[in-house]
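The chain below stands alone and is given in structure tokens; this is the form predicted alone.
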Amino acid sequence: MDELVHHFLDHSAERFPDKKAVFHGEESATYAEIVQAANRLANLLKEEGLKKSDRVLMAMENSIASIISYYAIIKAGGVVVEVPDKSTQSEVSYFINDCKPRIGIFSKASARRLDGISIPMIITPAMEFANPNGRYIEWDKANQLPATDPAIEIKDNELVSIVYTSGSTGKPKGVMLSNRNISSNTSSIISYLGITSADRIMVVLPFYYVYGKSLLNPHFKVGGSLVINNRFAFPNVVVDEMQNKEVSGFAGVPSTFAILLNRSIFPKTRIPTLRYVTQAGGSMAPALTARLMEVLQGTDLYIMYGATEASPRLTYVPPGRLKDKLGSIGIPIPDVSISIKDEHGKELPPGVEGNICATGPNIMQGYWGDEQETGKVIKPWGLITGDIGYKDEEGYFYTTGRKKEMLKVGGERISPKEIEDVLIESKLVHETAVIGRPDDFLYEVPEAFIVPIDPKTFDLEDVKTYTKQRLSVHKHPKYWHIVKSMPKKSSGKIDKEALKK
């Protein structure tokens, strides 16, 4: 059996008590300090009446305190419900009404934003906070409690985390992940990335985002270290710290790498310790991947694919195959099976498009309180990811688009991703998104939003000419918008629903 999630911290604290586990600005903490603080907070939660499987809502920016809180909740037998730290009161009210948390843990910044929200008990740093229908206590109270483990019996099939999806197609859904889901996926990630206690990763992705959490757990399981930097709005600051802190790993979504390549000193900065870089969180244009490979000479680049419902990782492209498998999402990670199936669960042969489906111990238990939505994606033949794709003769998988994003232009089905990839390939476009605009004759037509690499020299006609050379006429965007920036979800992905408004 894999370790339980809180054992990642416990066992590394036993092996490397004095090792620096986390660096955040001028602060740092050893494994011993983190496990002791997590035990104290877990005992506080227990003392305040937290029962097995009670939900605990967290709204905290990445920090040493947020890591302590995460493991403390699990140690106390609770279920972590970590939401974006910048969530509004309206957004948090939705989460509260949906999963009924027993306790809330907020950072000072989040507490100011959420002052007046109602949860039976709220824990924050020392400050004034109004909890109209419940109690409020200060985090420092935990320091008065013993640093011994609360010794709650926890089983591997028990719920440990609810991760809310971004809700691009409606209200957010709570993905239920068990200890086994997370632990099995963590072991697989460690295996194919070769993560060891010598690794130190730069973290710019938020921990409430499942990709971000998949950076924390693997490194804590093996006794590695994390460098937290919440200032990616200033990418050069991040690049400098990567160099100064001698990081061995970095992870990002496509927009992260577009910024690093087009808006920072990263292409001209040598980071000798950088062993590997990972990309997930949506398809990255092959042209952008190729540019990144050119910059990362001597550093392994892993293109990966996954889903929140999969804890989150499903596939990866081995670095040695990137050149000849450009555009692929790769092969299944250890202990996961991937297949292409039709609507009835019949497996399709190589080269034929269908639903990308997955099975393995990492697949979620279901959506919190929503059996109907769970039934739509969990079938006897596995998880239906919502992506359309195919596999080649060697067993490498490719996505051609999101099922719900496919455009219907006349009688043709068109993938926005295909158009977006061509626009990036032009080397004139920093970021782009293509959506469908309703049309009286063709049902809908492509509408493109683009952020130029160089706004001063940019000429839209050059992009249109390039597009006409690469795509058939029905795939040409009918409407074009030049914008300064793209609306983003908290995960860093482009928010296409916002563009539609």
Partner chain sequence: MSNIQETIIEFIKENFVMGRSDTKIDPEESLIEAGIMDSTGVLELVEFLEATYSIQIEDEELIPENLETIQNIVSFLRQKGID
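What you are looking at is a predicted structure, and each value in this text was computed from that prediction instead of being measured. Numbering follows the first chain given and starts at 1. Note that the rigid core is defined as the largest set of C-alphas that superpose within 1.5 Å between two forms.
The following text describes the form predicted together with the partner chain, which does not appear among the structures shown.
Taking a 4.5 Å heavy atom cutoff to the partner chain in the predicted complex, the contact residue among Ala198, Ala290, Ile265, Leu348 is Ile265.
Contact annotation: of the candidates Ile96, Leu159, Val377, Ile259, the single residue with a non-hydrogen atom within 4.5 angstroms of the partner chain in the predicted complex is Ile259. The closest non-hydrogen atom of Ala126 lies beyond 4.5 Å of the partner chain in the predicted complex.
Although the partner is absent here, Lys19 is not a contact residue: none of its heavy atoms lies within 4.5 angstroms of the partner chain in the predicted complex. Interface residue remark: Lys52 is not counted as part of the site for the partner chain in the predicted complex, having no heavy atom within 4.5 Å. Mapping the unseen interface onto this chain, Tyr276 falls outside it, with no heavy atom inside 4.5 Å of the partner chain in the predicted complex. Here the marked residues Val352, Asp495 and Lys501 all miss the partner chain in the predicted complex; none has a heavy atom within 4.5 angstroms. Exactly one of the stretches 37 to 45, 64 to 72, 456 to 464, 24 to 32 approaches the partner chain in the predicted complex with heavy atoms within 4.5 Å, and it is 456 to 464. Using a 4.5 Å cut-off on any heavy atom, the residues of 226 to 262 that reach the partner chain in the predicted complex are, in sequence order, Arg231, Phe232, Ala233, Phe234, Asn236, Val237, Ile259, Asn262.
Here Thr30 does not count as shifted, since its C-alpha moves by less than 2 Å between this form and the one not shown after the core is aligned.
Relative to the superposed core, Ala65 undergoes a C-alpha shift smaller than 2 Å between this form and the one not shown. When the rigid core is held fixed, the Cα atom of Ser53 travels less than 2 angstroms between this form and the one not shown. An increase of at least 3 Å in the separation of the C-alpha atoms of His476 and Leu288 is found in the predicted complex, compared with the displayed form. Between Leu423 and Gly320, the C-alpha separation grows by 3 Å or more in the predicted complex, relative to the conformation displayed.
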